[in-house]
Structures are given as structure tokens and as C-alpha cells.
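Shown here is one chain on its own, the form predicted alone, set out as C-alpha cells.
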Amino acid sequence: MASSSSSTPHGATERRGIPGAQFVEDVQTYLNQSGLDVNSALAFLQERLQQYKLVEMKLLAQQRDLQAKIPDIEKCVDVVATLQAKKDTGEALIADFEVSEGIYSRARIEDSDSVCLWLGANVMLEYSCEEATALLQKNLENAKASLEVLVADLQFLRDQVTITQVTIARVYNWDVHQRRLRQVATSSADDS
């Protein structure tokens, strides 16, 4: 999985479809350029923050799936390697395997030149031990690479969440400051 980053006109970046957040230095300029009032800008930023949170939940679910998948693939690689090692010695391999949830059976595996791999979607294929090892190694490498990209995407997303939260706070604080200035101006005009 390749990651892509591009720049948007406002200086924010995008990574794999995740829009970048724009840090607001000057709130007045930001509001003028965007053509929004304070409440609309806050609503837009809150909506963007919720979108980031939704994407973060999806990416975290993908990360959990990959983190569970990698040890399973490694275990399969080890089993195939054990089968190959036992095949060379000529002795049988005694193994316990799960028939159903919580139900195990013991099997005696004699000289075996092939293994069956569960590919998912109710599909199982028979491979030679060498082909199975190659396929499992490739799947393991792909899963680890996907996990690295996912971790980078999550870091990028967390940065965007932080920038958006800071921007929300800056816009809100700017609005409070402007209201106080107007209040002081009206009260001083009333006093004179």
C-alpha cells in the first residue's frame, strides 16, 4: 500500500484521502477568506473533527485486525516449517487441532508433501509446503507493510485532530474576546 500526500491550496496536506487541517494563525483573516461567521466556522470545524474521529475509529479497527492477523500468519509459517522439518526426519507429527470452538482432536500426520491453507470466503486450497511457505511469507510481509502505513495514517490523523481542536479553541476564544470588546465599547458609550 503506497501512501500519497498532496498539498491543498490552503497549505494543508492530504494523506490517502484524509484531508489536512489548516492551522489558523489569524482568526479574522480566516473568517474573511472562508466567508463564514464565527458560528458557521465553529460548526464546520466541529463537523470536520467528527469526520476525523470516525475515520480514526475505522483505522483503529483495521489496525486491530492486522495486529491479530500477523501472529496467525506467523504461526502458520511455523507450522509449515515444522511439517517440513518432520518430513525430512521421517517421523510422524502428533498435533492437536481445533475442530470447533472448544473441541479439539489429536491427529497423527505422516509424511506430507502438501498443506491446505484456508484463504477465507469458504475457500481452502492445497499447496506444496514450499508454495505455502512462499505464500505465507508474502502475506506476512504485506500485512506488516499495511500495518506500517496504517500507523503512519493514524499519526497523521491524530495531528489533524489536534490542529482542528486548537483551531476550534482559537476561533472560540477570538469570538469571546470580540464580544468582550463590544461589551466594553457599548458600556463605555452608555456611561458617557
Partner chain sequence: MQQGGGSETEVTWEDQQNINKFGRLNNRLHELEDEIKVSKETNENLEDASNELILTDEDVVRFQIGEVFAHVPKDEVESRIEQMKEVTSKKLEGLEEEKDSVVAQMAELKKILYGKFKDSINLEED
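Residue numbers count along the first chain shown, from 1. None of the values given here were measured: they were computed from a predicted structure. For the two forms, the rigid core is made up of the largest set of C-alpha atoms that agree within 1.5 Å on superposition.
Although not depicted, the form predicted in complex with the partner chain is the subject of the following passage.
Undergrad: Would you kindly say which of Leu31, Val55, Leu66, Ile163 lies with a heavy atom within 4.5 Å of the partner chain in the predicted bound form?
TA: Among Leu31, Val55, Leu66, Ile163, a heavy atom within 4.5 Å of the partner chain in the predicted bound form occurs only for Ile163.
Undergrad: Just one of 130-138, 32-40, 150-158, 47-55 has residues with a heavy atom within 4.5 Å of the partner chain in the predicted bound form, so point it out.
TA: Only one stretch qualifies here: 150-158.
Undergrad: Give a yes or no for Gln183: in the predicted bound form, does one of its heavy atoms lie within 4.5 Å of a heavy atom belonging to the partner chain?
TA: No, Gln183 sits far enough from the partner chain in the predicted bound form that none of its heavy atoms falls within 4.5 Å.
Undergrad: Please determine whether Leu117 contacts the partner chain in the predicted bound form, using a 4.5 Å cut-off between heavy atoms.
TA: Because no heavy atom of Leu117 falls inside 4.5 Å of the partner chain in the predicted bound form, the answer is no.
Undergrad: Is Asp78 one of the residues lying within 4.5 Å of the partner chain in the predicted bound form, judged by heavy atom distances?
TA: Yes, contact at 4.5 Å.
Undergrad: Decide whether His177 counts as a contact residue for the partner chain in the predicted bound form under a heavy atom distance cut-off of 4.5 Å.
TA: Yes - in the predicted bound form, heavy atoms of His177 and the partner chain come within 4.5 Å of each other.
Undergrad: Residue by residue through 34-53, tell me which have a non-hydrogen atom within 4.5 angstroms of the partner chain in the predicted bound form.
TA: Residues within 4.5 Å: none.
Undergrad: For Arg106, does the CA position differ by 2 Å or more between this form and the one not shown when the superposition is done on the rigid core?
TA: Moves: yes, 2 Å or greater.
Undergrad: Take the rigid core as the frame of reference and indicate whether the C-alpha of Asp96 shifts by 2 Å or more between this form and the one not shown.
TA: Yes; that C-alpha moves by at least 2 Å between this form and the one not shown.
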